[in-house]
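What follows is a single chain, given as structure tokens, in the form predicted alone.
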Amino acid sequence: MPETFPNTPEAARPTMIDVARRAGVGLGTVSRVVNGGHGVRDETAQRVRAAIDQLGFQRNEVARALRPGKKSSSLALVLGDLTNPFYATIAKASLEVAGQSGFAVVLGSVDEDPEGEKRAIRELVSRQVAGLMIVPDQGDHAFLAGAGVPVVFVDRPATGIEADIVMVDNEGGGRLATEHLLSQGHERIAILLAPSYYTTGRRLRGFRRAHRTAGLDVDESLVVQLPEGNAESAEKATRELMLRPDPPTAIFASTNFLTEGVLRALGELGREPAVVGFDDFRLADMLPTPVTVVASDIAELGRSAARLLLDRAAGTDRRPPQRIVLPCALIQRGSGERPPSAAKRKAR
């Protein structure tokens, strides 16, 4: 039988009542067997276990962990790789807000792995957390519906559940970056996209919108979907772009990791197209040509999510699910202000 995650909403999902009927026992007897209690005869317990196997019943760990009367002073945060400064900043900010209210934050780190995320959430909820902050992966999050625990999604929305979301205006940021490059006279703008299930897709949408507004067609050969969202993939793609007979005069890197790869390749090639990156990064303003970026307050993502979750957990905020969108701003430093003619320069 295929594995299901506790609290997955399925119309035919068996309950303890179904198990009790199949085994011909009372609901209390089933509960004691399921929860490892004593006072059930071996023969009866075997009958209950047989009914469980036949029906495919699974105990709802989420609902069990959050049964009435249970209170906690901990929140849970499930996100990606903590070596990524983006996630580390969110974690640090949420820890600070939670700590000011006397709450601890338990961290779970997964990397775009739906099954790993489910396991992490199961483990965190079993610790009686008061609420969940989640940077969701691409999976279906319907398994969280009706669990009785407040959930706030961070950076991107989830599917299968209506819940609070705190995010960055990714489409607006993509439009800002592209409009800026267009205003510098660039018409051949490449965009490098990390694999994503939401954020970079919205940045691409902003890129396309800026072109439409300017009355220009997007050269689809300059829309580069990378196999991996790391600097190495961006470096390889940038080399290929710049060695074409008709290279772009500007590059928009959709994440800070990709910006790093772009800059490395351009340094080796001695080329100087205009470059705008999405998300700021350390030392971006200290490079020989400081990097122009579209930036947002990443720490505020963590702070806003933690504040909202604390209010939900305390019952002081009973509004429908909220969608908080933080604005982006363009920081001009030099790399995004190069003219189209600079793109063909080569190192001596």
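Note that residue numbering follows the sequence shown and begins at 1. Since the structure is predicted, the reported quantities are computational estimates derived from the model, not experimental observations.
Another form exists, predicted in complex with another copy of the chain; not displayed. Remarks below refer to it.
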Report summary line: Which of 156-164, 256-264, 186-194, 215-223 lies within 4.5 Å of another copy of the chain in the predicted bound form, heavy atoms considered? The stretch 256-264
Report summary line: None of 149, 135, 242, 105 but one has a heavy atom within 4.5 Å of another copy of the chain in the predicted bound form; the exception is 105
Query raised in the report: Which of 142, 182, 88, 269 has a heavy atom within 4.5 Å of another copy of the chain in the predicted bound form?
Result: 88
Query raised in the report: Hey, in the predicted bound form, does residue 287 get a heavy atom within 4.5 angstroms of another copy of the chain?
Result: yes
Report task. State yes or no: in the predicted bound form, is some non-hydrogen atom of residue 282 no more than 4.5 angstroms from a non-hydrogen atom of another copy of the chain? Result -> yes
Query raised in the report: Quick one: is residue 130 in contact with another copy of the chain in the predicted bound form, heavy atoms, 4.5 Å cut-off?
Result: no
Query raised in the report: Are any of the heavy atoms in residue 246 no more than 4.5 Å from a heavy atom of another copy of the chain in the predicted bound form?
Result: no
Query raised in the report: Would another copy of the chain in the predicted bound form be within 4.5 angstroms of a non-hydrogen atom of every residue among 202, 204 and 234?
Result: no
Query raised in the report: in the predicted bound form, which residues of 121-139 put a heavy atom within 4.5 Å of another copy of the chain?
Result: 123, 124, 126, 127
